[in-house]
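What follows is a single chain, given as structure tokens, in the form predicted on its own.
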């Protein structure tokens, strides 16, 4: 959710039952403005909160002029002091694949797991050794945020537009989805570089508007049924909830520009979802 409309966005997303205390809201309003100024971001999004055992991680993301350019991610433990996280890599994802359970809430906490490594001496046999690998929780935080962004970060159709030169910008003329379109899963896109769209044929792309339909639609997500779409407040608010990453909530008020998403959860993926549908 955009930091400039933080209070309204938090109120619209309050149906999840996960809110912020007044002092946390006040701290976020002040500190996110300073983050935007100091880091010279075009926009700053309050991404959400990852619940830890000792403390919670509050996450924000900074965007440049190109909305699909790699986002800068920051975290805070008190909503006032923000630290910049490194970019996610495939090596981080491989290391974190074996880490399970809740976050501790301490960035310096180290997880330990055992890996089998083969060592071969010159002209001798190959030996297998058990090596204990330590990974910091800060690395796990980077990996989980990247996974959630790629899987369930959402925007409504028309909120962004792609210029003929390539960069993607905020659509200043976007006035919200009509009520009839807001009920459809096909009206919402993944807020990341397209993956499935590149595999479509020219015939399938014939009816698409290249300036608006340049992202992957939620209706093609696998497994089918991984999204819950509901109308609330007398059909004046559309709420999408992810069943794959419990805690991700997207909201949009039809015929207005108010939209956004927030994640409030433990950072654990629902691996049992295919068996629950």
Partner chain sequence: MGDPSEPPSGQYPNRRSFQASEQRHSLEASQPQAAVPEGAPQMLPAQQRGSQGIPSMRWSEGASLPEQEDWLMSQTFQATGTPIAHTEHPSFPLGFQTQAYLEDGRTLAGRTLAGEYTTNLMLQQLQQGQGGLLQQLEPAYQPAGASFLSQFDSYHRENQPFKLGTQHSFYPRDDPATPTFSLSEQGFLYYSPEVPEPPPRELAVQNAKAYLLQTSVGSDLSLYEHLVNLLTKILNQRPEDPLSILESMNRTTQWEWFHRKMDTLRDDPEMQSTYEMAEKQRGLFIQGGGDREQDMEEEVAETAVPNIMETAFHLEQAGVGLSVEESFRIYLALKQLVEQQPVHTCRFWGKILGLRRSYLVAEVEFREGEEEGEEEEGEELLEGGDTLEQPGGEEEGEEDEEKVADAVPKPQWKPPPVVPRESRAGTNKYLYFVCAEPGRPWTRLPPVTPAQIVCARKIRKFFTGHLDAPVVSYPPFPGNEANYLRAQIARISAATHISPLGFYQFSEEEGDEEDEGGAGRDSFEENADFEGIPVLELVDSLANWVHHTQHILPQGRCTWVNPLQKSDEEEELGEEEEKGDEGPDEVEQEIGPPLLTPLSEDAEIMNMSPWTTRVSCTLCPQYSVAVVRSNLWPGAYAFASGKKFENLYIGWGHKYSPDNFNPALPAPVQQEYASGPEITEMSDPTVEEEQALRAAQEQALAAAEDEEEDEEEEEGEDLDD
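Numbering follows the first chain given and starts at 1. Bear in mind the structure is a predicted one, so any value in this text is a computation, not a measurement.
One more form of this protein exists, namely the form predicted together with its partner chain; it is left out here, but the text below deals with it.
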So, a 4.5 angstroms cut-off on heavy atom distances: do all three of 20, 23 and 228 pass it with respect to its partner chain in the predicted bound form? yes
Residue 173, heavy atom within 4.5 angstroms of its partner chain in the predicted bound form: yes
Taking its partner chain as it sits in the predicted bound form, is residue 222 in contact with it (heavy atom to heavy atom, 4.5 Å or less)? no
In the predicted bound form, residue 40 touching its partner chain (heavy atom, 4.5 Å): no
Against its partner chain in the predicted bound form, would residue 36 count as a contact residue? Criterion: heavy atoms within 4.5 Å. no
When its partner chain is placed as it is in the predicted bound form, which of 87 to 95, 197 to 205, 176 to 184, 147 to 155 ends up with heavy atoms within 4.5 Å of it? 176 to 184
Contact check, 203 to 222 vs its partner chain in the predicted bound form, heavy atom within 4.5 Å, ordered by sequence, gives 209, 211, 212
